[in-house]
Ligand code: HDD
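Next up is one chain by itself, shown in structure tokens, the form predicted on its own.
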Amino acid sequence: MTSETTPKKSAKAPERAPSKTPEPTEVGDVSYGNGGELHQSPSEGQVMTTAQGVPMSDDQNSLKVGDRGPTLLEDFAMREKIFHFDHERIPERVVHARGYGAHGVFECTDPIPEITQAGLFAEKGKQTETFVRFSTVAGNLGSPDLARDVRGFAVKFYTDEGNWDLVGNNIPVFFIQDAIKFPDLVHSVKEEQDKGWPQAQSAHDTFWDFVSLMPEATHMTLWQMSDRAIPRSLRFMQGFGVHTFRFVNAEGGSTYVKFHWTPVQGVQSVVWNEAVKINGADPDFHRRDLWDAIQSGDFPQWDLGVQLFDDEFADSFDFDILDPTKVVPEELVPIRTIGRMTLNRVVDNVFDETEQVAFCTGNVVPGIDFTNDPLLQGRNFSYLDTQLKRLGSTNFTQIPVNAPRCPVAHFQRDGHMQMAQHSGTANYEPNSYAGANRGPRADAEQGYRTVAREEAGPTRRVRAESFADHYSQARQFWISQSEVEQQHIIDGYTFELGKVVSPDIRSRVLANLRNVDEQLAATIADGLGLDLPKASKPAAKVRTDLDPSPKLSMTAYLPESFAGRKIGLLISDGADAKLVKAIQTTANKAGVLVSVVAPKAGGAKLSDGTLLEAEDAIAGGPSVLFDAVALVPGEESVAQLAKHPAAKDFVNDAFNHFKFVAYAESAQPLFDATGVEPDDGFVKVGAAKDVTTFLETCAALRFWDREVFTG
């Protein structure tokens, strides 16, 4: 392998306050219009106007001839209002349509000016504003949060030298090696064109048909069938830049870099049955979770780490560093943490920010450059082209969420929705004007410079031979998983392929998986009731000598505590008031949220006669919404509670989803009614010290010993 070298109706119109010319809102050296107010918030008593600022006398009735006559075309206010409504929806993203965003700040903790001249990494403590958008890939804007899918993890850094977009996923590899196949991939995973379904899932023929014919996708499908594709929270998932990029220092020296986001609160996922039920109970589960965490002050945080290596390593590495279906194992190149991102503010308006934010892989700043990864090269074209289609104008960078926070100066003019106030004489260069009429000029020293590299060779449509090994790293990922994780991958393949109608498609997938691991393929085949087909012929020899890479398993990222999680506290009338208070107080001190669930939405009366309000009635607050549960029913009301179907589901699901359960002695009738026998994942509580023990136990997140393997 060779590395890359390079209203009422009023009879009298209300009086309008004297007009005041507002100060212009500036982004860089560009002054925007709209009276200088890009951020428009209604205030009490403010006179309603049209979009042109004309005060309105009536917003309840259109202009008609007489009381019952036809509406007049001259009613400009009505026409403007309807016109705007008709165009409220911009085209949703073809992929990553279902997303949610938040504002934050990135702080450099380990400066690396010797490696990159990027200013955000130049000094310790340097802070840079960020905006993050998380998303699913396959579903539309109205699809549920907990679909089994890759998650987008896109970060916009508003640096002093322009905007840098690190547009990644929560999985470090991808399905394809060349961008020319991206439309085919997306067409295959979207709803089938003759049926219009299924929505937001890959469990259907066309997707598995495509990937079965593209062996390079095998590594990614293993990740996709793992629990990584059903994260518990956007806060508890990793992020990756996927591609190999370059860092460039002030002298022009280049270093390869791969980017990693690691959540400070650990990595956590749900199990499949739980995901299905969450989608039914709360299809906005991830959105609500992120909103609640930020609003409560439990700010999500990620450490930004980098893998740095040079051409010598790239040449010696067993796989091509330009291949986006491959990882660089941390055992070979350790991750160096260089900063931390904190999300500390929700959006003011989902459309203005989350939907209009425009990410482009081509948005880089001095000190960051590209490689010849063919998927990355195609993305650099696609994203910019996409923004024009979605946002309707080349001036989308003037939308506040996209606007740089540093000075902007260029000769780009006009176009739809131009908001900048351009002055001076020249709108071109070179020109012979002076002063303000001259305009900006490029700067060879301060400006962005691409890494100097040599490129040579015939122009051809080929796939590099160094990209040919599609199974070795897929096998390494498989053997790096815990027994529980392996079982869940098997279950994922079995479920998805069970939805595939064509026997030939299923056989091709199994034939490819035999190149990864014989037992993996055989177990899935048995689960499907199929004979194991002959293994497909790999394009390159599959390596079986690669050691497990522990960091590929989620078990390497367990949290240090249960902080940031949520307990569902099930109570009923007569519940022990002291114990309930102990659970709430102890959990609160540990940074754990307690959500009260009762038979009725109004709550329940505790043993001391006080009424404790509930966040949810039992029918609307199933245990799938919580990370652990506590059962503290009243002794006299528990018999009735044990007859409640939703209460029995609450206990059964908590048990079957391997959750830790705290319980008062009064909960025994619930166990009798459900047939649940407490195991070592159950903690009996009667005082605050018991609650502390329970919370410490919960740091393991799941009691996997309860799982019965079918493989």
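For every residue, the number given is its place in the sequence shown, counted from 1. Just so we're clear, the structure is a prediction, and the values are computed from it rather than from any experiment.
Another form exists, predicted in complex with the named molecule; not displayed. Remarks below refer to it.
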- Here the chain is shown alone; which of H96, R228, K190, R565 has a heavy atom within 4.5 Å of the named molecule in the predicted complex? H96
- Message: I need to confirm a contact call. Of L308, V264, A179, I294, which residue comes within 4.5 Å of the named molecule in the predicted complex, counting heavy atoms only?
- Response: A179
- Message: Among the candidate stretches 544-552, 573-581, 128-136, 76-84, which one is within 4.5 Å of the named molecule in the predicted complex when only heavy atoms are counted?
- Response: 128-136
- Item | Partner contact for F477 in the predicted complex: the named molecule, 4.5 angstroms, heavy atom | no
- Task: State yes or no: in the predicted complex, is some non-hydrogen atom of M237 no more than 4.5 angstroms from a non-hydrogen atom of the named molecule?
- Result: no
- Taking heavy atoms only, is P366 within 4.5 angstroms of the named molecule in the predicted complex? no
- Item | Partner proximity in the predicted complex: I321 to the named molecule, non-hydrogen atom cutoff 4.5 Å | no
- Quick one: which residues from 430-457 get a non-hydrogen atom within 4.5 Å of the named molecule in the predicted complex? none
